[in-house]
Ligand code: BEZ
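Shown here is one chain on its own, the form predicted alone, set out as structure tokens.
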């Protein structure tokens, strides 16, 4: 199965370190980050899971739930979590799916035969509360993920969901944004963007970030 942006995120039921996960039910009305790992007790994955645990408050501020996956069994995950907590100075506070039968891996196309015929690649999906896939990133096994970038994309997705804007390259929360080209009615623009805008070009109109409250900050 090949997933594309905007597709429904496949539902599943699978074992995890926190018991059986019914994915859509577990996600509820939250945003979700589902990310896979080639195997337990691997060095890069260990650092990634530690980073994810330390970002718990940042995820909560954005109404995001994180859930990891590898094809190893629950017992292996449990032993690995002990190593992660000890080596990364954290407490793993999210479930790790035990995809022993590769059911979820196949649903989300996480096994790339040219990389490995049996292990998942380093894939990451952002899923919105409507259970739609909003972001897909796949890294090579040798490269750890940048979770600050994941948070930045979630910020962008949540902002652009609420306002008729897009975010420019390297955008960070609080910086100027772009008014979408489809919005042309000047009266509506004034209502939506009372701080005004700067037309660099007719198609490039910059306006201050319209979101005044970023997660209570």
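Residue numbers count along the first chain shown, from 1. These numbers come from a predicted model, not from an experiment.
Separately, the form predicted in complex with the ligand exists; it is not shown, and the next lines address it.
Visitor: Quick check on this chain: which one of 189, 44, 178, 51 has a heavy atom within 4.5 Å of the ligand in the predicted bound form?
Guide: Answer to the contact question: 44.
Visitor: Answer with one of 90, 141, 136, 81: the residue that has a non-hydrogen atom within 4.5 Å of the ligand in the predicted bound form.
Guide: Here the answer is residue option 141.
Visitor: Partner absent here, but in the predicted bound form, which of 179 to 187, 34 to 42, 159 to 167, 61 to 69 has residues with a heavy atom within 4.5 Å of the ligand?
Guide: Result for this chain: 34 to 42.
Visitor: Please run the contact check for residue 122 against the ligand in the predicted bound form: heavy atoms, 4.5 angstroms, yes or no?
Guide: Because a heavy atom of residue 122 falls inside 4.5 Å of the ligand in the predicted bound form, the answer is yes.
Visitor: Pull the contact list for 175 to 198: residues with a heavy atom within 4.5 Å of the ligand in the predicted bound form, in sequence order.
Guide: Residues within 4.5 Å: none in this stretch.
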